[in-house]
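Only one chain is shown below, in structure tokens, and it's the form predicted alone.
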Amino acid sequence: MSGDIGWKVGGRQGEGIDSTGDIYAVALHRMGYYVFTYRHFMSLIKGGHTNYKVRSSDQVLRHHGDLVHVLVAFDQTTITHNWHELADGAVVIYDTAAFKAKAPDDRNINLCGVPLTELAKNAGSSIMKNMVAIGASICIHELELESLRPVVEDKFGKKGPTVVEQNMEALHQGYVYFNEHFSARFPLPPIKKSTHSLPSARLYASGNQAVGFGALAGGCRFLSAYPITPATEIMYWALAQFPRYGGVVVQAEDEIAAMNMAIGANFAGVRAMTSTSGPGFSLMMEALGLAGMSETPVVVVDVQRSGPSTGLPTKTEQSDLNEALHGTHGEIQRIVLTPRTVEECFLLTAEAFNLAERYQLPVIVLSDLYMGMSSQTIDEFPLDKIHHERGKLLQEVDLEKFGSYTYQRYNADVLDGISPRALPGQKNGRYVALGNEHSGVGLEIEDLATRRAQVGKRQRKLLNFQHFTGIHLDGDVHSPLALIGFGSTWGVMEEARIALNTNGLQVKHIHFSRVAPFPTEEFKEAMKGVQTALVVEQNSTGQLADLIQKEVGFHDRLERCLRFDGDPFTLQEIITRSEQVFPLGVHH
């Protein structure tokens, strides 16, 4: 995308890298720019390299970008580690008081030594060296320094006006020093006056925040969870917001308890969920089966990270797909949603509660670290699309026709497999919710006919699922080449599609935001005329490609583009792989 700028700050963990990146990103967001952030960090409290990247533009952004134009380096490791991302003519700002920067090679890169610590001391404290670096960056972008004041006041206002002015002075010191000593510039395009009123209505949010907000808007009033990277932010968001609307958040002793608490709350009639990541999701498998067998609605959010086992706790991956589709012993029906964007994290999480109660089964929302922890500018959350549908939830008047112990919670004769649900305490609505196989009233059984009837009942639930599209198609529907993906890779894949089309390849983009029940007919329609398709996913085995082949075939048309080292896809690697596998003769 032309006109966008990649900025990155790096150093040792515990050195304020996240705070620096967040101040910079929020400042540009409030100026009216679209921003997209990505955090690279290690599973350490202090030490080890960390960096925070911010891509900014006057146009909507959907991924963090390949290139860095301005790098703020608090140590040599940052320069060495990120050198390969630097664009031609990029600027590296480093602290002359801390080290003498060394270029790994002779590329056209501007190493700009700035006495960050000394200038920070001049402003009031050496701790403000990050603000000096941001001031220098604002000079490079040719932006107005005073436009950062509202952000500084929000960030430091509670510490008093003196601290606010000291930080503004640190910004000023960095701006002036860079302006007087260096000529390298990477200006951001001016925000058009016609759109200048719009930024106030835009939001700056991460996928995790959007999941929390979507749950709240969807009627969720109980969250039970155990802290785990990268899902903990959902619980933190809920802790701050749920109580304002009568909600409750419980930090459980472990993920097993968290899942069972969520099931119990739903059984009692409260919309409830749990949030976790891969290792925690594994611990929930037995209870997931309980929700399926007892036909109790529950929503589970899995913010995926690199596995297996502890794996790479602070790196992204899409390797829990098979677990979401098939996890737990035995066989249960479930719905699996894979939001493509922050907006869809909000919308699909809200919708998950309607689906869970309508079909009386678990609904799994598959996010990942890249989606969950990347903050970005979005225009709005689609609040007008939120509605509450509680399914076959019985009222007191509905139960008057039943006598004592005659209400069949698990009536196997219902055609759609979904029987009316009573809540504890309702007259004539008593039943037993067992993990054992059971009769219509919930009593434990072992006779073969009842077993077959109950299994058939549960398996009928999703046969006529037709609520919303599970496939999104971008580009010319008649294109003979296709990119296929799911979840958070949508943004970089969409940008790759546009680049490939510009380069003469006729490519469309098919993306899943629901993988169970599999949108068979929609996908077949999207694949019409496709000669070769490249399935892009962040795992080592091609789990989505395997799913497609299992459900609909196309074995001879699917190629794979896989990444599983913990870093998100770059635009260039998708383009390169596409050009390797797409037939050379298929052009516009």
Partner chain sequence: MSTIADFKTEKPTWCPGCGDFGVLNAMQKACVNLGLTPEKVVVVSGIGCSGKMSQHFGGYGVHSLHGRSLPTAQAVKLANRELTVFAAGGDGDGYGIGMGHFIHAMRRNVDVTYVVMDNHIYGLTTGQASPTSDVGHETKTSPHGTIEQPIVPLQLAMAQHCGFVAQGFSGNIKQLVSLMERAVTHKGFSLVNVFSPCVTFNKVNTYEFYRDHLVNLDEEESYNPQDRLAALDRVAAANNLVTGVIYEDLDRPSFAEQLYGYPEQPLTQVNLALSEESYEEILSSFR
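Quick caveat: nothing in here was measured; it's all calculated off a predicted structure. Numbering follows the first chain given and starts at 1.
What comes next is about the form predicted together with the partner chain, which does not appear here.
Visitor: Taking 217, 268 and 444 together, does each of them reach the partner chain in the predicted complex with some heavy atom inside 4.5 Å?
Guide: Result yes, every residue of the spot touches the partner chain.
Visitor: So, residue 503 and the partner chain: in the predicted complex, are they within 4.5 Å at any heavy atom pair?
Guide: Looking in the predicted complex, residue contacts with the partner chain do not include residue 503, since no heavy atom lies within 4.5 Å.
Visitor: Is there a heavy atom of residue 436 lying 4.5 Å or less from a heavy atom of the partner chain in the predicted complex?
Guide: Yes, residue 436 sits close enough to the partner chain in the predicted complex that at least one of its heavy atoms falls within 4.5 Å.
Visitor: With the cut-off set at 4.5 Å between non-hydrogen atoms, does residue 46 touch the partner chain in the predicted complex?
Guide: Flag for residue 46 set to yes.
Visitor: If you check in the predicted complex, is residue 254 within 4.5 Å of the partner chain, heavy atoms only?
Guide: Residue 254: contacts the partner chain in the predicted complex.
Visitor: If you check 166, 78, 232, 479 against the partner chain in the predicted complex, which one has a heavy atom within 4.5 Å?
Guide: Among 166, 78, 232, 479, a heavy atom within 4.5 Å of the partner chain in the predicted complex occurs only for 232.
Visitor: Between the options 94, 213, 156, 177, which residue brings a heavy atom to within 4.5 Å of the partner chain in the predicted complex?
Guide: Only one option qualifies, and that one is 213.
Visitor: Name the stretch: of 129-137, 504-512, 486-494, 241-249, exactly one has residues whose heavy atoms fall within 4.5 Å of the partner chain in the predicted complex.
Guide: Flagged stretch: 241-249.
Visitor: Could you pull out the residues of 361-391 that have any heavy atom within 4.5 Å of the partner chain in the predicted complex?
Guide: Going through 361-391 in order - heavy atoms within 4.5 Å of the partner chain in the predicted complex - the hits are 381, 383, 386, 388, 390.
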